[in-house]
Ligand SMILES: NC(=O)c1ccc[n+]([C@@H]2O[C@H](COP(=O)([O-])OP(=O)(O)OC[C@H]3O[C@@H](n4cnc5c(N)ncnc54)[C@H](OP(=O)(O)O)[C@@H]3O)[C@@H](O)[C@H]2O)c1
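In the form predicted alone, a lone chain appears below as structure tokens.
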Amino acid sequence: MADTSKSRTRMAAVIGSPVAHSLSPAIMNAAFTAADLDWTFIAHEVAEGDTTRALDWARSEGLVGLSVTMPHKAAVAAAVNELGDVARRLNAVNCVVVDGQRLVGHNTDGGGFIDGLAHDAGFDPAGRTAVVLGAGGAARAVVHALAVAGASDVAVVNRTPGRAEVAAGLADGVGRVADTAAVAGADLVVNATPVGMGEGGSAMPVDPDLLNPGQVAVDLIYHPLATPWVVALRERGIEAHGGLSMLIFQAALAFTHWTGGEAPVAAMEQAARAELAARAAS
């Protein structure tokens, strides 16, 4: 674990805009408590265009790390001193290790997805086929991670062919652009679009009738915990999971980058679910 001999409470933060809704403070503070670390985690609102100033703040305040959310992932990738291999490939950073004045950027989104998939479904992508709906930042992270994990075919479905081609290109040798017909034959189907996000949203990213029992589906949305698409798939006997585990496991990987220790995942999940329940009740 990290050196905790200093008497001053150490601090990490998530930067984004808007950031008040972030679950990261609840998740990370639960992790620090469970690991008996005198650390604290805050949400720090940073407007688009103020990324460099935020990184200077992290240095000057002696933060140990940053979580990075929209709209700063690409800007942070361009501004840090060093990039991990995945962050460099994706040109996106969601985790920064602050080492004195030196900032090292990582991307744990894809790794968090793979770990969450194993946790929820016991699913190993190696030798399996996948369809990813969407071509934004989350989709690109998932496409790349599936290829690294050994998927044999990663099809990207998106309304804009050019964006789909860029995303598919991240799955070296196994990526391709497809249409929704590819959904029916895939071992894994991932919704990486915002369709279905928010309470009461009834839209679905793809017709549930295209899927069949035996397939696994993941919706990266975690609020609500079960989107209308996930509910509809489960009603058809299809194994379907929401995106909370990806959120938790990408945070777990960030915890390890910052502390050098294994993340207390159970405590992090409990905190995330409790926070979501509290928000739903308010």
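Everything quoted here is computed from the prediction, not taken from an experiment. Heads up: residue numbers just count along the shown sequence, starting at 1.
The form predicted in complex with the named molecule exists for this protein as well; it is not shown, and the discussion that follows is about that form.
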| query | finding |
| --- | --- |
| Non-hydrogen atom within 4.5 angstroms of the named molecule in the predicted complex for each of Ala13, His44 and Ala92 | no |
| Any non-hydrogen atom of Leu146 within 4.5 angstroms of the named molecule in the predicted complex | no |
| Partner contact for Val195 in the predicted complex: the named molecule, 4.5 angstroms, heavy atom | yes |
| Close approach of Gly136 to the named molecule in the predicted complex, 4.5 Å, heavy atom | yes |
| Non-hydrogen atom contact Phe32 with the named molecule in the predicted complex at 4.5 angstroms | no |
| Option touching the named molecule, based on a heavy atom within 4.5 Å in the predicted complex, out of Arg176, His119, Arg88, Arg163 | Arg163 |
| Answer option from Leu233, Ala58, Leu253, Ile221, heavy atom within 4.5 Å of the named molecule in the predicted complex | Ile221 |
| Partner-proximal stretch of 137-145, 80-88, 98-106, 179-187 relative to the named molecule in the predicted complex, 4.5 angstroms, heavy atom | 137-145 |
| Residues from 238-267 in contact with the named molecule (non-hydrogen atom within 4.5 Å) in the predicted complex | Gly243, Met246, Leu247 |
